[in-house]
Structures are given as C-alpha cells and as structure tokens.
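Given as structure tokens, the chain that follows is alone and in the form predicted on its own.
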Amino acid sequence: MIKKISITTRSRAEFIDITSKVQDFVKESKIRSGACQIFVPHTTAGLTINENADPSVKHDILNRLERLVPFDGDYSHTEDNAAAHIKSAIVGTDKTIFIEDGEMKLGTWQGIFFCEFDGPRQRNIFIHIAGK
C-alpha cells in the first residue's frame, strides 16, 4: 500500500509534524505487524524522527543546522539553495518505522517531522506499508 500526502510549507526552513497523518494511514491499512516506509522525493527537504513534546527541540535543530550550513554560505551551486541541498543530505529523505499490533513503534516522545529547507513550497511525502 502506498499513499501520497501533499503539504504546503510556509517558511524557508521549518519542521512539520506529520506523525498523525502517517499513523492514520497505518490504521487505515489494517496491517498488524510490518513496517512503514516514508520517503520524500525532494532534494531540498528531508525527514527526521525526534521529540515532538517540546517545540523548542525542532527550533534548536533548525538553528544548529543553520549555523552548520548557513543559507548565505560560499557555494558553487547557483540556484541560491545549496544550503538546502546539504541539509537534506545530512538529515536524509527516508525513514522506516516498525509496526506492531497495528501501531507504529515510536518512543514515548518521538514524532515524525517533514523538514523543509527551501520553502515555502508544495511538497509530497510517500508512505509505503508492508506486512500482515
């Protein structure tokens, strides 16, 4: 089963919690035991799993990434988004989460975040669920 989710980002860089969207698809799939793969087909975006209880965590991550890879750095790429490509390469564009008893096996404080590094844009996320 594959599902496409489309989202609209509103900032140049932001994290959007997509946990509930993914969990809804897991429930809809009726898979009791298996895996959920999430993929972002964009070279200037990514996915991460991290704490979703305290919003300051996502701000800290975005701020640290900006310090490591500033938007206005000295880059050869001429489209003015080289930093976004580098951040996407660091964070990654896919995640796999196990499913047990029809639920994703995330930790108590974990959430799934779409990571925008070159917005605002319309973005797609693909979710594949396999199992029994």
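Quick caveat: nothing in here was measured; it's all calculated off a predicted structure. In this text, residue numbers run from 1 along the sequence as written.
There is another form of this protein, the form predicted in complex with a further copy of the same chain, and it is not shown here; the text below is about that form.
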| query | finding |
| --- | --- |
| Partner proximity in the predicted complex: Gln37 to a further copy of the same chain, non-hydrogen atom cutoff 4.5 Å | yes |
| Interface membership of Arg64, a further copy of the same chain in the predicted complex, 4.5 Å heavy atom rule | yes |
| a further copy of the same chain contact in the predicted complex: Val26, any heavy atom under 4.5 Å | no |
| Close approach of Lys105 to a further copy of the same chain in the predicted complex, 4.5 Å, heavy atom | yes |
| Residues in 81 to 99 with any heavy atom within 4.5 Å of a further copy of the same chain in the predicted complex | Ala82, His85, Ile86, Ser88, Ala89, Ile90, Val91, Gly92, Thr93, Asp94, Lys95, Thr96, Ile97, Phe98, Ile99 |
